[in-house]
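Below you'll find only one chain, the form predicted on its own, shown as structure tokens.
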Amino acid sequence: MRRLLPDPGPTTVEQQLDAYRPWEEPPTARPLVAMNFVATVDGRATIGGVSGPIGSHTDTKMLACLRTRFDAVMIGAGTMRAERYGRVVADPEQRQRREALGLPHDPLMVIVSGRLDLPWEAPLFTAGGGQVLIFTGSDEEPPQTATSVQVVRHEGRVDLGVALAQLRTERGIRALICEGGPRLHSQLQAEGLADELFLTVAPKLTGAGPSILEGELPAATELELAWLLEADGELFARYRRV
């Protein structure tokens, strides 16, 4: 892997993230929120309905290592149905690294689900590791699961601003990384709630599928480039919201 910007030179995923500590300076009223996406050169966020075929092993490593730097991981219900998550940090050694940094053993898994329509048989719910917190506007009750699941209900629909404030004040979440999907990304950007964007651009074209944003923003959002890495033609960018 090469670092193209700033300070060009050789690097690794681990070296690049070693000094990245998003939990140290969170906003007062909510967590720092970072987004993480992989996309094709033509901006598509899925191939065959899932994101896995887009990125390389290096992108998978970036995803896994980013999860070790945050108190919580957030996804939308559609992403959960498509990707069928398991335990967020599956590697015991990486969980130990989190503890060494002063972070919880497992990041809190946060799911935004309007109807509570989730694949309850997915490994995230059956493996029994970590904790899951679901924000929903539904009155339905979740089934019994091996993994600890708690539900926070909002009237009518989930208010993302309120949800983030609740995570900060009631759960002590200082930094959260959201892995999509595109609709949730659009909502966070539209409400000015996303602070950073980690974007992997894979050297592939697909010509179909959603982009990393699905929905019109009230205005163009300006970003500044914090770093740019390259490995085997794949680009890894970190942007900050201006």
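Computed from a predicted model, the values in this text were never measured in an experiment. Residue indices: 1-based, along the sequence shown.
The same protein also exists as the form predicted together with a small molecule; that form is not shown, yet it is the one meant from here on.
The candidate spot formed by Val13, Ser56 and Arg95 is out of contact with the small molecule in the predicted bound form: none of the three has a heavy atom within 4.5 Å. Among residues of the shown chain, Phe70 is not one whose heavy atoms approach the small molecule to within 4.5 Å in the predicted bound form. For Thr145, no non-hydrogen atom is located within 4.5 Å of the small molecule in the predicted bound form, even though that partner is not displayed. The small molecule in the predicted bound form comes within 4.5 Å of a heavy atom belonging to Pro182.
Taking the partner from elsewhere, Gly192 is found to have every heavy atom lying beyond 4.5 Å of the small molecule in the predicted bound form.
For the small molecule in the predicted bound form, the listed stretch (101 to 109, 167 to 175, 154 to 162, 123 to 131) containing residues with heavy atoms inside 4.5 Å is 154 to 162. For the residues Val50, Ala64, Leu217, Val41, the 4.5 Å heavy atom test against the small molecule in the predicted bound form is passed only by Val50.
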